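The chain below stands alone and is given in structure tokens; this is the form predicted alone.
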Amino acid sequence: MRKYQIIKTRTPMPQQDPHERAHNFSEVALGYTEEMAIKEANRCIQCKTRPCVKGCPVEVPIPEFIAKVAAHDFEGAIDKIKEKNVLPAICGRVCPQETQCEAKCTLGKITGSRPVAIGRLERFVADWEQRVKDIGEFDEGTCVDLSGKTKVAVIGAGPAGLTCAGELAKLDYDVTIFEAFHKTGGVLVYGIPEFRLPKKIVQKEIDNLRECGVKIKLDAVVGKLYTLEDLEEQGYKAFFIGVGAGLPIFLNIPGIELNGVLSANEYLTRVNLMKAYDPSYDTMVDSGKVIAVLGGGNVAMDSARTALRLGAEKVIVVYRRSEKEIPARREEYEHAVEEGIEFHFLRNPTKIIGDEKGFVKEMEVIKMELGEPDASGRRRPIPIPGSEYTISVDLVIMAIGTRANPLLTQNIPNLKLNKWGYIEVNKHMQSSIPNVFAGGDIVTGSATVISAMGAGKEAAKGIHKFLQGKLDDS
């Protein structure tokens, strides 16, 4: 029996120099080499309790795939991952492993050192597969033909929908994804910048799903072009709704109607999905010399770092709590700091001030202090009376959250929603309509990519049981 040596030091991830990457859209993290991956995999002590698996929403067999990496069996490693995860290259890049699988790592707990770099190893293995397969242009002739099987419609091609579709295809269902946009991927392509998640990575993962027999219809707005009744007439027996929660939230303060105030959704969609980051595309996008981003989550970090790359002289993130409470991934926050983003903590906007032509010129903010914890567990920010002051800005990006878009849900009779407009589901991800299932942000509100994938996976199980007549409420 192999004895594992305790290796406390984590293998660093190579990355672009901060001063260089702040001016380009190439991927920041460069990935492990084979030697680095094997070295890091050998840190795993292969504990019997496997707590890391319990921390993974899609239950990837983490110790098993890492053991194969350590043994230089990269093909075996990717096969292990894909038993549970249909989007490994994406998860290895954007999942918050530090609060999920890596947070449970036994090595980190018993030594007080950094846990095994599970996410980086997953990314390495997925990237290795893509290099070996050398996927080029997608060939429809490589697809599995599931025509004639029971038909299931998946509405929304984000992480929840893609995962649900992939799992259903494994179960031999004829699955079609209906996507409202002209590109597949949902938030993976319109929300996450190229420097964090290259679009070619997303496309390759989607092509893998299509090879498994998943069909995709783009520019297909269910709720407008199609109703569920229309799709039932076309032979679809069950539905999964994974449309996310993409309706932006704006602060209720004076000045939000000014030119130069926009949502992070619009800003990132123009840059990412419509390729405003590429000079060869004639995509209009608001720009400014001094840009303020409101919020402290990953979307705020993405917006701020994107603005810097598009040529802003100064980018300021305004967040109403302290650095300790910032909800963004620590790595993304640290990358933003390294790149020169300014952070104004314990500040909250009170008004946006325009010039005589109706364009943003200043923003008034008030200083805050932290009181007792609120429902989120974080200390509640309280305004300090009389502490207002103004800062000069010419663009304000609101990255303070999103809510459910009613475009689809309001057009489905008898679909039960909660008071916030999100779909209510049971433990099987089944809605109030027996053949309609849902998951991801349209159920939970804004959450992580991997949690949406976990919901899609559970929904696929529920749909399979429902179509087999084996779904119960116990």
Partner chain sequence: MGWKILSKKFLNNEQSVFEMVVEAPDMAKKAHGGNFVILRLTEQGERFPLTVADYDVEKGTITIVVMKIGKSTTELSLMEPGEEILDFVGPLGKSAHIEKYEHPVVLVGGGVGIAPIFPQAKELKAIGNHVIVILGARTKDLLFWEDKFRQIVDEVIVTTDDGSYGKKGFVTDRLKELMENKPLSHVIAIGPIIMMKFVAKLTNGQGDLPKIPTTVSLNPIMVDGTGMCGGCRFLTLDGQAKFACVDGPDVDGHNVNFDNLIARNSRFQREEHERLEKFEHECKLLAMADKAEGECKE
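Positions refer to the first chain, counted from 1. In this text, all values refer to a predicted model and were calculated from it rather than measured experimentally.
From this point on, the text means the form predicted together with the partner chain, which you will not see here.
The single contact residue among I391, L258, L171, L146, judged by any heavy atom lying within 4.5 Å of the partner chain in the predicted bound form, is L258. Residue P248 is the only one of G76, P327, P248, P381 with a heavy atom lying within 4.5 Å of the partner chain in the predicted bound form. The closest non-hydrogen atom of T176 lies beyond 4.5 Å of the partner chain in the predicted bound form. Looking at D230, you'd find a heavy atom of it within 4.5 angstroms of the partner chain in the predicted bound form. Not displayed here, the partner chain is kept clear of F195 by more than 4.5 Å at the level of heavy atoms in the predicted bound form. Within 4.5 Å of any heavy atom of the partner chain in the predicted bound form lies no heavy atom of V132. Annotated contact segment (heavy atom within 4.5 Å of the partner chain in the predicted bound form): 176 to 184, selected among 147 to 155, 176 to 184, 110 to 118, 372 to 380. Along 393 to 425, residues N405, L407 each place a heavy atom within 4.5 Å of the partner chain in the predicted bound form.
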